[in-house]
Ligand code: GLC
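Taking the form predicted alone, here's one chain by itself in structure tokens.
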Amino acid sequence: MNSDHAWFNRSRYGMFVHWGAYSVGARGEWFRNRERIPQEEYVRRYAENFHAERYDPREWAALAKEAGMGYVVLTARHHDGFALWPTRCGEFHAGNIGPKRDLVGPFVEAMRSAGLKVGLYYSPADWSHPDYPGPYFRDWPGTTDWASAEARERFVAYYRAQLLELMSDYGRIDYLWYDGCIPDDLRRSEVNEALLRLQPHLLITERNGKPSHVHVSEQAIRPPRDPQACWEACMTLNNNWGWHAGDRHWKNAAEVVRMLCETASGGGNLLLNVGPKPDGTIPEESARILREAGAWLRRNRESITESERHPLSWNNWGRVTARGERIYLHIRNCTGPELCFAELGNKVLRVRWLETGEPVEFTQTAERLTLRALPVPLPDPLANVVVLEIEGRPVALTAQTTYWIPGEHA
């Protein structure tokens, strides 16, 4: 990863925003496909009623900053094909229908003004396009599902032209978040290389072929096997990406902190989603959770930023992050006045609380580090961070040779 991409590892945390004509339906972003809604009905009932009347991306940027995030990714165009900018490729866009204005430009400007990196999501799949194999596939279409070779060529030219618009019309874009498990015959390398000629610094997710830079896992935290890989876990705050009025299954701030610590432990990022309502406002439940987790992150930023992948395994009291010759123990489950950490092959020089700098009493034998005189209960209900200053970079006493990790122990 070149120096233009170093911001990604510094951030470790970003906001995903799923917002579009589907938000009017208030039942997630896939309902057109799931309910087999014809395009004419989707335009009339949903796109034409998407007005974005309270859309203020400066408020989104302020929330992302308060949450401790370093970048924001907006769904410039989801699978439904409705573009949030006045694309020159067709009529199904926010400049022509619904808001009757560009929604991408103000977003880009607001994020830049707030000092946040700018990401745009784009799905090459497009249920609205006449040359796409069809809007109602239960699996993604394959290479034999095109109506003709000519239809495929027209579609490739169309999605390439839209991407070139996004990378040409809005100045510097830092991150292109491809989505969609779509046919392999979309001239992926040719398209990505054209985008990188326009924006050489651009980070691209792996979902539309190479060249690409970021591995992604969706609704799961799975570090790639390559320890040098740049990666990100994208997760929802409830069970949907787009606004769903009936989904009240919200994660709490403690769960967000756990996910953030777990991704940072593997040297990766957490891209956490919000689904604004059709008027452009972020649900209050989402905002409250992000603010609570952000307050924790302000106190403990050092343990997350530029974290590095390390060889230390799982435990039943929390998660471990590392950077250089420091190890950070994120203690979530109270263990009483003592905590045993029997993972580390390094000599420990000092132990302290990250937030206050106060020393922590400890003893170390050949295999066991024991922290002593811990407060009971621990003061922070989200996670309490202890810093170990060690000799050398982290070494594990026992290597973990499989990828089996208990998911919810800590």
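In this text, all values refer to a predicted model and were calculated from it rather than measured experimentally. Start at 1 and count along the sequence shown; that's the residue number.
Separately, the form predicted in complex with this ligand exists; it is not shown, and the next lines address it.
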Option from 338-346, 380-388, 26-34, 49-57 whose residues, in the predicted complex, bring a heavy atom within 4.5 Å of this ligand: 26-34
This ligand in the predicted complex: contacted by all of 78, 179 and 207, heavy atom 4.5 Å: yes
Contact residue in the predicted complex, chosen from 155, 121, 85, 296 - any heavy atom within 4.5 Å of this ligand: 121
Proximity to this ligand in the predicted complex, single hit among 94, 322, 234, 167 (heavy atom within 4.5 Å): 234
Residue 18: touches this ligand in the predicted complex, heavy atom cutoff 4.5 angstroms: yes
Any non-hydrogen atom of residue 241 within 4.5 angstroms of this ligand in the predicted complex: yes
This ligand contact in the predicted complex: residue 292, any heavy atom under 4.5 Å: no
4.5 Å heavy atom contact, residue 140 and this ligand in the predicted complex: yes
